[in-house]
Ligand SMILES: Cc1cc2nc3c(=O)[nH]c(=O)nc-3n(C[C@H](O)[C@H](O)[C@H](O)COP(=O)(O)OP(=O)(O)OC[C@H]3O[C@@H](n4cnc5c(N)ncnc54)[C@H](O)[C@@H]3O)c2cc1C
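Quick setup: one chain, the form predicted alone, written in structure tokens, and binding and motion questions come after.
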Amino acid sequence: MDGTEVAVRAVESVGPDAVALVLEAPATFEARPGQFVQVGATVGGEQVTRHYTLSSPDAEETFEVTVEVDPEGSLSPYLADLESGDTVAVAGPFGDAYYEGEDGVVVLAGGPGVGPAVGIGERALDENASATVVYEDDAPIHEERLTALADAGATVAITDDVSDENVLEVLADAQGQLFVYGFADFLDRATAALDAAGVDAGDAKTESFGPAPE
């Protein structure tokens, strides 16, 4: 299996059917919030890999990915059952939609896109940049970190409809580099919401997680 074997440091519940997997960073590993890695393991005698986006603000000694657990999935239930000291294989990082020290960030996240959203938001505030996070989900996760972001000065809007009028007002007032993370249908809805708010999405950094699971 491709990748470097790394130790699991922690597996923490972050909401309904979701865990944060904290992994030891490989030597020479350099990743920015918003990039993704390939995580692999041998499950039932078969090698299985999936891609997960970083949800930590940095990756200096450890880094975190957020895993939505599908009970019928081939890898996510296995990852959710891991304990500190277990190992997985990690390759990467990959992707171009990541934080690069911009003066402000505006992150639109759908479903598991909240992982990179909280990581980017935290990193931006750490570097004295402004942060706006708009998160669409009917069963939100990472609520503690989202609350902490708001308490630290970020603008945070949690909604079940990214086109809601209140959300459009937030987007119209927000300033900074645009990021959009989520399944393909969310990216379409987010782009439409930005257009409705009068925001040019032409320079947005986007990462599609592919078709939404049925």
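On a predicted model such as this, the values are computed, not experimentally measured, just so you know. Residue indices: 1-based, along the sequence shown.
Not pictured, yet referred to below: the form predicted in complex with this ligand.
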Quick check: do Thr155, Thr191 and Asp195 each get a heavy atom within 4.5 Å of this ligand in the predicted complex?
no
I need the one stretch from 100 to 108, 83 to 91, 120 to 128, 70 to 78 whose residues put non-hydrogen atoms within 4.5 angstroms of this ligand in the predicted complex.
70 to 78
Indicate whether Tyr52 is a 4.5 Å heavy atom neighbour of this ligand in the predicted complex.
yes
How about Phe36: is it within 4.5 Å of this ligand in the predicted complex, going by heavy atoms?
yes
Does Thr4 reach this ligand in the predicted complex, with heavy atoms at most 4.5 Å apart?
no
For Ser56, is any heavy atom within 4.5 Å of this ligand in the predicted complex, or not?
no
Residues in 177 to 208 close to this ligand in the predicted complex, defined by a heavy atom within 4.5 Å, in order
Phe183, Glu207, Ser208
